[in-house]
Ligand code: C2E
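First, one chain by itself: the form predicted on its own, in C-alpha cells.
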Amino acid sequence: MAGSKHHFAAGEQIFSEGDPPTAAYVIDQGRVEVYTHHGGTRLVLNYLGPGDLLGEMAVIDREPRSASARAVGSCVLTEIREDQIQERIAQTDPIVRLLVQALLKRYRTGLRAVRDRGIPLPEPMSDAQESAPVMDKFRLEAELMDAIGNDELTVVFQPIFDCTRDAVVGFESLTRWTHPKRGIISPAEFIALAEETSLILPVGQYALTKSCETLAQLHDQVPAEISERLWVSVNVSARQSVLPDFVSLIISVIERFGLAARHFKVEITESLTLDFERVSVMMANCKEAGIGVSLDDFGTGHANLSRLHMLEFDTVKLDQSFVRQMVDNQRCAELVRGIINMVRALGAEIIAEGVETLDQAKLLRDSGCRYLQGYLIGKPMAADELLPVLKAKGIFDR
C-alpha cells in the first residue's frame, strides 16, 4: 500500500462506509463495486472501471465515507490525497465552490434516499473520455510525489560563459524527471504541474540542495582562482518567492556546503514581476544577503519598464528569440544593443540565452553582452560532466 499506487486483490475491501476520507483514487486497472446497506440488504450503487474516480465526494466535503467499495477483480488504483483535492478547490472561483457544495448536498440526499427507501442512485453523469486528461493529471501528480520521495528526479547543469574571461564561470541548474514507464517527462509539463500545487516546494528544495552540493564538489576540484568566480543559478517559482523565510532557507543550504552567498544566484522569471511588491521585497532581501538575482526571459513582454529600475537584480537573461534573429535581422540586432546598453546603465549584466553559433556569440560580445548561454557553450549536462567544461579553451579560440 506504500506510495501512490495501490494494489487490491479480488474481493478486497478498499474502504468501508463510515471510514474517514483520507484519499480518493483513480482506477488504473480492474473494476470496483460501490455499495451500501439498506436494512439487512446490500445495495450495489455502481460499478467503476479504468479512468473513473473513486471516493472523491467524501474527501471534498470531509465527511465520513457514505458508501463502501471493494475490488471486483485484481485492481490497481492511483491515490489522490485529500490535500491535493482541497488545494485545487481552494484555488477555484468562489461560484464554482458553491456549485460543488450544491452537488455534494444533492449527492448526500440521493444516498439517504437509497438507504431509506431503496431507491437506486442515478448513474454519475461523466464522460470517461472527457475526464481522461484530468485523471491523467492526478496520476502524474501522484507519481511526481513518489519521484520526489524516491529520489528519482535529477538536476543537470548548463554552462554560462563569460566573454571578458573567455571561460565558463557559472551554471544554470535544471531539474529533469525520467518516469519509469513514460520516459522523459517534459519540464514544461511537470514543473507546471508542480507549480499548481505545493509540490513545487519540495521540487525547488531538491534543486537548491543538489545545485549547492554539485558546486561545492566542483570547488574542491579546481584551482582557487576558478572556484572563486564559479557560481550556480537556480530558478525560483512564484510559490517559493512568497515564503517569508525563503532567503534564510537558501543561506542555510549554501552554508551547509561551505559556499559563500556570492556563489549562488536565483533566477526570477520576468512574468513574476507583475506581482511587483512581493518580488521586489524578495530581490532586496537576496541582495542584502549577498545572493545574486537574475531576471529571466527578459523581453517577452511582461516587465513594466517604469518599475524595472526599482528591482534589485544584477543580471538579466535575454530571451533566445532575440538571439536567433539578430545575425540576419539588423533591426533585431539594434534592439539587442539597446537592451544591453539599458541593462548595463542600470548596473547589471546581460546573459544571452540560446546561443548556438559563433557568429551569434561574436555579435553579442561586440555589442557589449558579457555572458552567453546555449548549445555553443554546452548542453545541459550531468554533474560528473562539468569539470572538463571548466578546463576547456574559450569558444573564441576554437
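Keep in mind that what you see is a predicted model, and the values were worked out from it rather than measured. In case it trips you up, residue 1 is the first one in the sequence shown, and so on.
Note that the form predicted together with this ligand isn't included here; everything after this is about it.
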* Let me know the one among C163, A207, I85, L140 whose heavy atoms come within 4.5 Å of this ligand in the predicted complex, would you? => A207
* Structure fact -> Only hit among R229, R176, R81, H219 for heavy atom within 4.5 Å of this ligand in the predicted complex is R176
* **Three-residue site E267, E356 and G374 fully in contact with this ligand in the predicted complex at 4.5 Å by heavy atom** => yes
* For C75, is any heavy atom within 4.5 Å of this ligand in the predicted complex, or not? -> no
* Answer yes if any heavy atom of I191 is within 4.5 Å of a heavy atom of this ligand in the predicted complex; otherwise answer no. => yes
* Asked: T197 near this ligand in the predicted complex, any heavy atom under 4.5 Å?
  -> no
* Asked: Would S280 show up as a contact with this ligand in the predicted complex if we use heavy atoms at 4.5 Å?
  -> no
* Asked: Of these, 246-254, 307-315, 290-298, 221-229, which stretch puts a heavy atom within 4.5 angstroms of this ligand in the predicted complex?
  -> 290-298
* Go through 321-344 residue by residue and record those having a heavy atom within 4.5 Å of this ligand in the predicted complex; state none if no residue qualifies. => none
